[in-house]
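Presented as structure tokens, the chain that follows is alone, the form predicted alone.
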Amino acid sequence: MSGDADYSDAEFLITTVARLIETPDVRHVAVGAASPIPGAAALLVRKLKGGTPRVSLIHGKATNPFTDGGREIFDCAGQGRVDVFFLGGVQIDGEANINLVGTGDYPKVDKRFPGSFGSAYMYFVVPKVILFRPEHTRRVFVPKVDFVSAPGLSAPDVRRPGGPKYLVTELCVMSFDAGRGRFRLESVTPGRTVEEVRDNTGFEIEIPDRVAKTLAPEPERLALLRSSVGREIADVYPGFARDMLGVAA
């Protein structure tokens, strides 16, 4: 991704995600398990903004305010007190449906994955859900998911304050228009092309006449990632902080 640049792929993705949540309407960012890049992005924004937004990293010590696991964060989200959450998937399709269960003809799947847990609930109630999947291939971005763990769209008579707003991958950033039920290409990673995005996506996306390049990490943000933010994320992901950011726990 970064080629000869002085930042890693992980650092690029962290700063890319951070820009999407660095907005005045975001007061509380919650990050689920096995999510070091979104977690680091949220902590970076908090550092840049002098202590806001509130950041809750599940399984953290200093960054996890919940003492009763998923039930507390679900209650918090249902009350409208979580503004951003992150979801990924084994598969994602053009209607922003995600599959966290397995590939193949359900229930006789070819490969089984951990499962949906509260993904469908969070998808419905959190106003800004960011889909994050570094790998950008047709294996992931399929015409139709094999199993719908969480739907990207709902019927008009279904009250749904939450839903997908962005998708971040190694190749690009896309936005999602729920009204039209499709993704729109917003920017492409430096060194990558629109054609690469199209060739590696198994569904149709809207491509504007001019597509920007995703911004590279600024020196100030890299410095924070490699110091104070890196030490904070090491509380939850010491291996990631050591290997990706060069910070010891």
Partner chain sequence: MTEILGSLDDLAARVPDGALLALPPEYSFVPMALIRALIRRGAKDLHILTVPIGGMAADMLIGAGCVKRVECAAVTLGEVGLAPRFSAAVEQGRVEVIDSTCPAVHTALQATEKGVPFMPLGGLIGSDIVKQRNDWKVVDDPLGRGNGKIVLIPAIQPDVAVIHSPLADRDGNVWIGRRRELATIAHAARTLLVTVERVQNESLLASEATAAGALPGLYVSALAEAPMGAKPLGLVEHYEPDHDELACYGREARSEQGFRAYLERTVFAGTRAAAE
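Numbering follows the first chain given and starts at 1. Computed from a predicted structure; not experimentally measured.
As for the form predicted together with the partner chain, it is not shown, yet the points below apply to it.
Enquirer: When the partner chain is placed as it is in the predicted complex, are 176, 234 and 243 each within 4.5 Å of it, taking any non-hydrogen atom of the residue?
Expert: Zero of three within 4.5 Å in the predicted complex.
Enquirer: Considering 184, 54, 213, 198, which brings a non-hydrogen atom within 4.5 Å of the partner chain in the predicted complex?
Expert: Checked against the cut-off, the match is 54.
Enquirer: Tell me, out of 192, 47, 28, 221, which residue has a non-hydrogen atom within 4.5 angstroms of the partner chain in the predicted complex.
Expert: By the 4.5 Å criterion, the partner-contacting residue is 28.
Enquirer: Among 54 to 62, 37 to 45, 204 to 212, 184 to 192, which stretch has residues whose heavy atoms lie within 4.5 Å of the partner chain in the predicted complex?
Expert: Selected range: 54 to 62.
Enquirer: Just to confirm, residue 78 within 4.5 Å of the partner chain in the predicted complex by heavy atoms?
Expert: Result yes; residue 78 sits at the interface with the partner chain in the predicted complex.
Enquirer: Does residue 151 make contact with the partner chain in the predicted complex, using a 4.5 Å heavy atom cut-off?
Expert: Contact check for residue 151: yes, within 4.5 Å of the partner chain in the predicted complex.
Enquirer: With the partner left out of view, is residue 138 within 4.5 angstroms of the partner chain in the predicted complex by any non-hydrogen atom?
Expert: Because no heavy atom of residue 138 falls inside 4.5 Å of the partner chain in the predicted complex, the answer is no.
Enquirer: Evaluate residue 72 for contact with the partner chain in the predicted complex, applying a 4.5 angstroms cut-off between non-hydrogen atoms, and reply yes or no.
Expert: Flag for residue 72 set to yes.
Enquirer: Going through 108 to 140 from first to last, which residues have a non-hydrogen atom within 4.5 Å of the partner chain in the predicted complex?
Expert: Contacts from 108 to 140: 109, 110, 111, 112, 113, 114, 115, 116, 117, 118, 119, 120, 121, 124.
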